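Before any questions on binding or motion, here is one chain by itself as structure tokens, the form predicted alone.
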């Protein structure tokens, strides 16, 4: 019998990712090509000398590593990935704990990185992807019963363990991101809503206590009225507003932004979207938002076309992981939520997030390839025109997915 399908992938995902990565490289070069004195001083304290091309060269190197990771993820067998779900979770836990050892690196009042030659790595990025893979495996097992509280409590307990460690760093943004990701995946699996609402009620006093920490409370006050202290707690948000306001509809021109000149702190990382808004205007910022929208929608479509529950949950989780972080970053930079240290996926400077996100895209393309194979088989089922006369029948599916497994009988 001749092959009745061909291997392919979602070209929309590839195109959107490529445009976002290229946009990030251009934005990073634009934001760091003029080295401000305060930037030089901050990096000199870490023993790092910076020049005009240092940041973009490091990011290009990271992009190449990310491409390799994406290709590996694209070719890996999903059945093997399922077996790696728990080991990956344990590895990410160990990496997260290494932050508090001599390998840990502090910066900006937080301890979130570990030394990995020749650079650093942020374990919280790996935690998110590992959690998505674990949840996809856990909820696709035949023993998983969405109506049982115990089966809801297990992933919640794992989530809380990671959150406690992240709070110690501290990394409150990663805590919120992980909570949204975990609860959303449990919700899509069909768990009872009262379980989620009960967890929310328990979490309210804990969140309130964390929010009342002095530096977090200062951020909340600055978020509510940044102009009250424009030279202090509200400085970064005010400068972000000025960047967007200066950009107008079409921007001041690529490389012509002024906020990167010692006004907007760390513009090449968490607030890079503000610089894009200044230099490319509302049009350029809207294109970036649209590219993330394409990634999210195509990811959901891939999940819908997947042929098994593990692929479905994995595609959904990856799509949500990228979309939630992008949405939080947009909200922070535009003053819709209090300031949090979350980079913009594929665009902000930083190797950890880029490599992890490109690995996630590789897995999404892997699922899309398998979904295309399933689609081709379904076409043959409908047409019933296999050359050797084989009869294809549809067997009963398993897990949450409504699609059945295809069995070929000769």
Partner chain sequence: MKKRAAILSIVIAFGFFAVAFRLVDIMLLSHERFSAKAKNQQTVEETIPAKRGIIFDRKGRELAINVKTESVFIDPRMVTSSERVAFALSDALGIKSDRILSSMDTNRRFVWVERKLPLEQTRSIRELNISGIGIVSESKRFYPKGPLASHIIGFVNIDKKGLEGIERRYDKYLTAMGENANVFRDARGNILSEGFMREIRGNNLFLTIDEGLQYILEKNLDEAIVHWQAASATAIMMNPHTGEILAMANRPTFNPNDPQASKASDRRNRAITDGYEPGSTFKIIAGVAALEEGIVKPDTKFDCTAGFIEVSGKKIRDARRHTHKVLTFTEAIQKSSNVGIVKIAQSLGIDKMYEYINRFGFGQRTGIDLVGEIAGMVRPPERWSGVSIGFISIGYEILVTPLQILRAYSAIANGGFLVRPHVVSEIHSPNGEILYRAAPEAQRIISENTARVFREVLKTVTEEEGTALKAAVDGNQVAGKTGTAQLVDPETNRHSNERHVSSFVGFVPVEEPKIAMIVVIHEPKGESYGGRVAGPVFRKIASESLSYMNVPREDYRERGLLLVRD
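Positions refer to the first chain, counted from 1. Just so you know, these numbers come straight off a predicted model, no measurement behind them.
Absent from the display: the form predicted together with its partner chain. The rest refers to it.
A.B. asks: Would you confirm whether the three residues 241, 285 and 335 all fall within 4.5 Å of its partner chain in the predicted bound form, going by non-hydrogen atoms?
C.D. replies: Every residue of the spot touches its partner chain in the predicted bound form.
A.B. asks: Among 234, 155, 281, 173, which has any heavy atom within 4.5 Å of its partner chain in the predicted bound form?
C.D. replies: Checked against the cut-off, the match is 281.
A.B. asks: Just give me the single entry in 85, 129, 93, 324 that has a non-hydrogen atom within 4.5 angstroms of its partner chain in the predicted bound form.
C.D. replies: The option sitting close enough to the partner is 324.
A.B. asks: Does its partner chain get within 4.5 angstroms of any non-hydrogen atom of residue 137 in the predicted bound form?
C.D. replies: Flag for residue 137 set to no.
A.B. asks: Since only the chain is shown here, I'm wondering whether residue 187 would be in contact with its partner chain in the predicted bound form (any heavy atom pair within 4.5 Å).
C.D. replies: Close contact exists here: in the predicted bound form, residue 187 approaches its partner chain to within 4.5 Å, heavy atoms only.
A.B. asks: Could you tell me if residue 199 has a non-hydrogen atom within 4.5 Å of its partner chain in the predicted bound form?
C.D. replies: Taking the distances in the predicted bound form, the answer for residue 199 is no, it never comes within 4.5 Å of its partner chain.
A.B. asks: Just checking whether residue 289 would be counted as a contact of its partner chain in the predicted bound form - the rule being heavy atoms within 4.5 angstroms.
C.D. replies: Yes - in the predicted bound form, heavy atoms of residue 289 and its partner chain come within 4.5 Å of each other.
A.B. asks: Please pick out the stretch from 162 to 170, 74 to 82, 98 to 106, 293 to 301 that is in contact with its partner chain in the predicted bound form, where contact means heavy atoms within 4.5 Å.
C.D. replies: Among the candidates, contact is made by 293 to 301.
A.B. asks: Can you list, in sequence order, the residues from 233 to 266 that come within 4.5 Å of its partner chain in the predicted bound form, counting heavy atoms only?
C.D. replies: Residues within 4.5 Å: 235, 239, 241, 242, 244, 245, 246, 247, 248, 249, 258, 259, 261, 262, 263.
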